[in-house]
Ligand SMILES: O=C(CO)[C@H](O)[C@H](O)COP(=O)(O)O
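This document opens with one chain alone, in structure tokens, the form predicted alone.
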């Protein structure tokens, strides 16, 4: 049973920092989302494959959305606050002021984003060491992880950034520090992106081998020598200054954070499916694959024992669900790829105009247009001659090859709206085949997966969901509460508050699971 007193009218705030926006939600004890707000955040691309953001800009957006979702609420009923964010790298000096991560010296831009690929030569050198820590990231480190980015800063911005740096934070940990003044890091961030081991801690030999012995000599104070599990309560809770910024009561519990995809995984993987006639009812949670699909797609599978999957990150112990090992597959910039191909097509202005005239999103319009042009044949036959290889930003899993590029084959001279719709369909299918490729690699290594649980922005697209069901041959379960990432963040706050004894208890039926799942099966 849930631990702690469960009086009605207790609320939790979840804040999710994605690639393009910050979102916040007010959530009750059953996991029902009561209020929602979002705010766009700035991104800079000073040169190709360099992607930067501002921690000050992101914190300001957090303050705007949090104030919005608690309007009209008795603030004394708010019990906890949880953050999740992209695994981007935040750089601050010894006085916690922003430092530039760019050649222009603009200290406002002090974040290297997760999708930044500037550190290609650094990651190749790291992988050539064949160090034993690499076995816990699928055998090959990704350029999107933090070690290559840190090495790039040391080698390229020594005077303006590296020598002045006092703190390197994963973005989720920056947010919890900003709220509490506590520099403790989340086990999730450090295990998944920094080579930390939940069992052994930091490996001195790795950092020395790759040329970042600086961290060893100062006992890892710049990157984290106090590590807490996600959902643990930080310090004395929300500081008075942060409380004023966020419009929340000082002293409420603030949780150790999660990476955004992991918050989504936490929000859906424990979904109560009893009584809905689903095939996965009664099957172990380890048979579920959580697919968090937005700007990119992440594939989260958990196991009781460590499973090593070539090209798939992990196994990470207790990085998402305490006591379970996590494997994380992924496809870089899937949502961005769909936007890129659709917006770059000659018929895009026509699409925009027609969608606007119908008061539809461009993707709702494209889905209905595909239904019109498929006629009597199955939808998949529209792409019999058109194929997309989706690795426009490299392959994260399971090939783990950042040098791969995208491809479209089967193009014709025509460029009308039908061609655009079919290209869109082929792109969605290619992403679904990428998910199938990851599942096959995970199952070959020892996972047994039978059901997909989708969340994130792309899970709101019926075509995306159906293609995943058709191409994997597996049922797809969606939570009725579509904002699973925000529910996951709020679960952290609920756990930190002491109202629930653990993250797993927060996920029990009737506690954060107040919404019914919806299942989509493969087409006949």
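Numbering follows the first chain given and starts at 1. Quantities reported herein were computed from a predicted structural model and do not represent experimental measurements.
Here the subject shifts to the form predicted together with this ligand, a form of this protein not shown in this document.
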Close approach of residue 193 to this ligand in the model of the complex, 4.5 Å, heavy atom:
yes
Is the gap between residue 435 and this ligand in the model of the complex 4.5 Å or less for some heavy atom pair?
no
Within 4.5 Å, heavy atoms only: does residue 260 come near this ligand in the model of the complex?
yes
Report whether the minimum heavy atom distance between residue 114 and this ligand in the model of the complex is within 4.5 Å.
yes
Given that this ligand is left out here, which of 294, 224, 148, 237 has a heavy atom within 4.5 Å of it in the model of the complex?
294
With this ligand left out of view, which of 83, 174, 453, 313 would have a heavy atom within 4.5 Å of it in the model of the complex?
313
Contact check for 79, 256 and 491 against this ligand in the model of the complex, heavy atom at 4.5 Å
no
Given the stretches 238-246, 84-92, 400-408, 133-141, which is the single one in contact with this ligand in the model of the complex, using a heavy atom cutoff of 4.5 Å?
84-92
Between 388-427 and this ligand in the model of the complex, list the residues on our side with a heavy atom within 4.5 Å.
396
